[in-house]
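Let's start with one chain on its own, the form predicted on its own, as structure tokens.
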Amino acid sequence: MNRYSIISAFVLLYVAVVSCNSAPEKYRPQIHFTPKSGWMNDPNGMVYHEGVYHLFFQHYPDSTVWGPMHWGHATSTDLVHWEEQSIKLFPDSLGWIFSGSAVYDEQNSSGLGKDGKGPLVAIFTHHSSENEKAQGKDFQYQSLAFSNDAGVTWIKYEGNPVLRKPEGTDFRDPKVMWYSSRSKWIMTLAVKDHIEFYSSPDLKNWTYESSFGAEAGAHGGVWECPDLIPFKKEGKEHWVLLVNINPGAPNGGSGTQYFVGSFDGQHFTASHTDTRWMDYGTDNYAGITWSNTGDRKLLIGWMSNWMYANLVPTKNWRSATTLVRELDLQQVGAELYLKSNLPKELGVIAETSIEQAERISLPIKIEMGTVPVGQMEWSFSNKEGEVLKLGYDKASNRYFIDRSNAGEAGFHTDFAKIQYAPRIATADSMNLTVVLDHSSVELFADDGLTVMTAIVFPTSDYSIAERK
């Protein structure tokens, strides 16, 4: 076995997402957002406004396991350094605050603005645990909150809920966007095993438009956290519909499938019949894009999996977000596929170049230049003999992440396994970018056409890099 020669690697600067201590808490990542304490899952309400990226998130501040949901809040001006803010939405008489989205209502169509300015409006699912326990059929409905001070304080709309129906179970996770060609808001909503689309002139009054998906894509579990995203390629408009599913992902548990197609303001139509996945790893779930970013499509996900999210061996907090991804479409043969890459903003965190290195220091970003397609395996190990392996298996034409002996894994029987992802690209060459943090690995292959994300819990940091 030859020592791994890092073609181009960069040690990333320490990013104080939660603390400036020189000895961070075990497993707490340095270049991924984590809450200071308590539980976190889905990213919510991402909106860019007045130079600030807002990241809200499902949060239970009183425990490190899932419980009554709040909206936590963090902000960034560069997509790299995140500052946790105060909790913005608390449970109330209508229920817990489940997932949703946020928009900048620039024209004040909602009438909720102030002093001639449009508000930020959050659209979220209220979940009544009392109605659920009583076996009611109406315990999830959509509500609004608004802010007239750039997201510092939020007021819940007095007319909540704004959308409900008699069978309001698994009726949740609204993602709202402005559809300019018809001057109306579009809500994309997860409903059991399909997606429903609603429209509104004012964010308060909603009309059902259509549904999609009951007989399309993967159906191993309930559909959740959708996102409808427009793209322009070579003068043509294309749409991508993200749909999260739990369970039923290709490597077990939670995952994000996507559909490429068209949307006319009422109906979404997929252009393919195969099932496609945004990220084949086990630990990128419930990701949605920021609103108000123009042509850029920036996404962040929850870096965990419902199989074991409540069991992972962190102490004061549970869960991190993925690094921000910039989405685009790329043609492979006659088909368009979604690809994910690190945005340009993350380039500023590179500091030290390492050439021909055996010893590494985390966190680290490794970029492999373009090489012929061939068998490849990298391994990262520590003094305890724990090894994280990743690479490409030519015989099966698959990328892989092997965490079967990568660290602590006894908390769940399905954690210590090998994960696989198909190679989508058809070129005779390949490239790879890998980002390692204290408890995660993110792999971007073939310019982001194949992506894998996995969390790991090594007893001590990986310090040795080798290539076989």
Ligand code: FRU
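In case it trips you up, residue 1 is the first one in the sequence shown, and so on. Nothing here was measured: the structure is a model prediction, and the numbers come from that model.
Heads up, the form predicted in complex with the named molecule isn't pictured, but that's what we're talking about next.
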### Message
I'd like to know whether Asp42 contacts the named molecule in the predicted complex, with contact meaning heavy atoms within 4.5 angstroms.
### Response
yes
### Message
Is Phe98 part of the interface with the named molecule in the predicted complex - any heavy atom within 4.5 Å?
### Response
yes
### Task
Look up in the predicted complex whether Asp173 has a non-hydrogen atom within 4.5 angstroms of the named molecule, and give yes or no.
yes
### Query
Is Tyr157 close enough to touch the named molecule in the predicted complex, meaning at least one heavy atom pair within 4.5 Å?
no
## Note on the structure
Only hit among Tyr179, Phe90, Phe231, Trp306 for heavy atom within 4.5 Å of the named molecule in the predicted complex is Trp306
#### Entry: Heavy atom within 4.5 Å of the named molecule in the predicted complex - residue from Asp227, Glu224, Glu386, Asp105
Glu224
### Message
Can you tell me which of 424 to 432, 66 to 74, 25 to 33, 405 to 413 lies within 4.5 Å of the named molecule in the predicted complex, counting heavy atoms only?
### Response
66 to 74
